[in-house]
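Just the one chain here, laid out as structure tokens, in the form predicted alone.
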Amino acid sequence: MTSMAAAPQAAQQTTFESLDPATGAVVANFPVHTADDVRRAVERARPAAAWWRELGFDGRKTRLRAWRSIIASRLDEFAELIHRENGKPVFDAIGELSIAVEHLDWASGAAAKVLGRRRVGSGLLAMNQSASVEYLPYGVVGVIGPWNYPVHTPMGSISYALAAGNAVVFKPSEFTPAIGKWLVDAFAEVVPEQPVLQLVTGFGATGNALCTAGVGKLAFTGSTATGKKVMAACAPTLTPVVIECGGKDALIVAADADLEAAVDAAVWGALSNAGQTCAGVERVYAVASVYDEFVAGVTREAAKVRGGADAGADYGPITMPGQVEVIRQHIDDAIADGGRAVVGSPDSVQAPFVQPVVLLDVPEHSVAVQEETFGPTITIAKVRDEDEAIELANASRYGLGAAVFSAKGGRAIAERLSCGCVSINSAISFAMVPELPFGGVGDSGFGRIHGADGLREFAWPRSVTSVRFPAPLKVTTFKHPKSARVLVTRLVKARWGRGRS
């Protein structure tokens, strides 16, 4: 999540501090880049983009895989920085980096096949033409990244934009700029010739400046409210955008579910990364016949999970201080609306940490069910059957991801869910598969990162035809013979007018 509205003091600041969210210790100082700074960065990126494009797919793959190797070889160092600036445990940081590296590897290797020129059929009327489509980079792509997964999520845009042949200007969240700088500095080691990947830092005004600086495309990850501001800022110049916003993802537990696996997935999906996961599990709908056993399992396992700053903690602090109050409000409102906590309570919120909270009997109209909490909480509701679970899961204005647990009906349930990604008998697994596109519908945004769809987000298609031989019947001319109408009419009727399928 990130903000397009600068903090009140940001207008006077020229630098800001990045802080360890668990201790408040200063990690580093960074400049607050102005609109002029951002425009200059974009202008520097234009010739760099042309140079990068000329390297071709193979040349870029070589550089990108060298970058991959730097990240992998310095995994411990980078993970420790992520732990200090973002707050997540080192092991979680290593997991995030591992996924990011795999996506980088796939994008660099697949770009030529996905985006390279390919022949297509020319059809009957253009049979004398050869036809092909190719994908060209936008030039300079702006990326505004979040703080919750400060490597994996922005790299879903950065890796794919670079592989497609673009230069990138990257604005990380103001809560994780040191992580962004580490990435950019590592890239400069393998691409020292040109500023192909640049960093700009600051608050919402810096992000707004990136939207209006003349980039060819803008990729944003953050809240729905901020995503709308990004779109508004990009609208006057018709700058295309990829918008990946939040979610209120549901997990459905069917009557034939493996309850042990469902409990494990629900607890991990809700509580890992302190619940600060856009595709994390926030709602569960369990069929009545398995509800009690499922709730007992979640209650037992969630009570074992603990947030903290020590090495034994299962997750870390809430990275963005303001989110603590959102979490507190959702818990308070859920209980005020008649819900009850079987794990945790309002006292579980002790900034900067929030201990697990499991809520039952929360009405569907409650903000704890309707709005993204982005904390280590989960609501569990009893439903009469899978049909009601699907209905309630789809009632959300969000549509990012979902999970389904069913021995036999998982695929059928998944096909009825209004969301961009579904895991059957697991949670959030789709994010780990490089070839799968990631993104949502509704208030979760639009456009895709990852996979072939993610590569094509950062390149525009160009269609090309070329005459191979003179057309036996040329219709694209004023000089066609008088018999042409009769011939074309007969041709169309013979080809398509006899009920052929």
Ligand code: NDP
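Residue positions are given as counts along the sequence shown, with the first one as 1. Predicted, not measured: the structure shown is a model, and the values here were computed from it.
Keep in mind that the form predicted together with this ligand is missing from the display, and what follows is about it.
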This ligand contact in the predicted bound form: V230, any heavy atom under 4.5 Å | yes
Non-hydrogen atom contact T379 with this ligand in the predicted bound form at 4.5 angstroms | no
Exercise: C278 in contact with this ligand in the predicted bound form, heavy atom 4.5 Å | yes
Is there a non-hydrogen atom of K248 within 4.5 angstroms of a non-hydrogen atom of this ligand in the predicted bound form?
-> no
Just one of G401, G87, P146, P356 has a heavy atom within 4.5 angstroms of this ligand in the predicted bound form, so which one?
-> P146
In the predicted bound form, the one of F430, Y138, F78, F203 near this ligand [non-hydrogen atom within 4.5 angstroms] | F203
Out of 381 to 389, 88 to 96, 218 to 226, 343 to 351, where are the residues with a heavy atom within 4.5 Å of this ligand in the predicted bound form?
-> 218 to 226
Does any residue in 313 to 334 get within 4.5 Å of this ligand in the predicted bound form, counting heavy atoms only, and if so which ones?
-> M320, Q323
